[in-house]
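We begin with a single chain expressed as structure tokens, specifically the form predicted on its own.
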């Protein structure tokens, strides 16, 4: 990959739509783009100019500014924006050509650019150039990808906050006097504490980043599908009075508190009456095993059965919430002896208790910190692993201090901790790590 090349790519998703964007970046961006354009005004940095996309002539000179409308060689109307170096996303010259989002037109713009010497951009190459040219650090580059991949507004807000960058740890480079042992240990502990707290937020951050899978399980005809439809807020699952209607897994993703939650409606668990139901029940058990959270639905208008008890025993081994459904048919809570699981009474028919159920699910998602962790938590496994390695290095430094190890050796442990944090921001990231990260980007970003 030659970073001095001028690169080109379609920057908008494939398909037909109102607007599509082709982006060029590099030293020849203007010279490559202008021959295919007939503009109302000269290009000016930071301004959008209306014009036309045309077939370039045989010469190498740019097309002139249009003085009167001509359609003989016009392909499409366009809006062209010029970002001059170094005040651009990549710090190179950037030309963005916005046309109607016809795949044919967008591909033709790319082909014209390639014919004049541009190179097709690699996945994430625009953002990689921004990183390598010092425009952003690695955490901000990863936040760009997360912002693009966001499924909820909350995820987008979290990614936007991470775009502001992350704090690091500064060690004094000037010579300083050697402190007493206990003061050195205390200063290391002052650094270690916030890192430990940050690493502990990954359980919540992982859910924010990746979402949560929630399985709805229970005996046939306890109202699982009705409850599923209430949470989805539309009639997604078929509901009848006949037990065993649901034979296969039905899933839908909704946003709860800004977190993508994949709801899975399962077949009723009982002794199977036929092969199809047997397969459905087996899939239900697999869904329970693979879920991050399980809703165990009971019929509060009936006594607890043996199947209910077995499900409650399974639920005690994993994160679960007991939902006492059909509260509209019963004024008394279901007797669930010995179960310490959180319980919510609902009516999927009237909507009673649905808000409380959503709150209980959100309480589980947030754990001890909940959305209070919004201002600072870890969403990347790579970041969490590096923070843990930094903590290990600080522990080694503390042990070295107490063991009367020479201070030069202690500094090695401290700089090892700093190196892990620098790798988060990309200050010391290897080429393999960079290639792995940027290969997950879409082409054009």
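Given the structure is predicted, the values throughout are model-derived calculations rather than measurements. Positions refer to the first chain, counted from 1.
Here the subject shifts to the form predicted in complex with ligand GDP, a form of this protein not shown in this document.
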State the residue from 179, 163, 203, 349 whose non-hydrogen atoms include one within 4.5 Å of ligand GDP in the model of the complex.
349
Contact residue in the model of the complex, from 149, 310, 328, 111 (heavy atom within 4.5 Å of ligand GDP)
328
Taking 4.5 angstroms as the heavy atom distance cut-off, pick the stretch from 216-224, 253-261, 141-149, 187-195 that is near ligand GDP in the model of the complex.
216-224
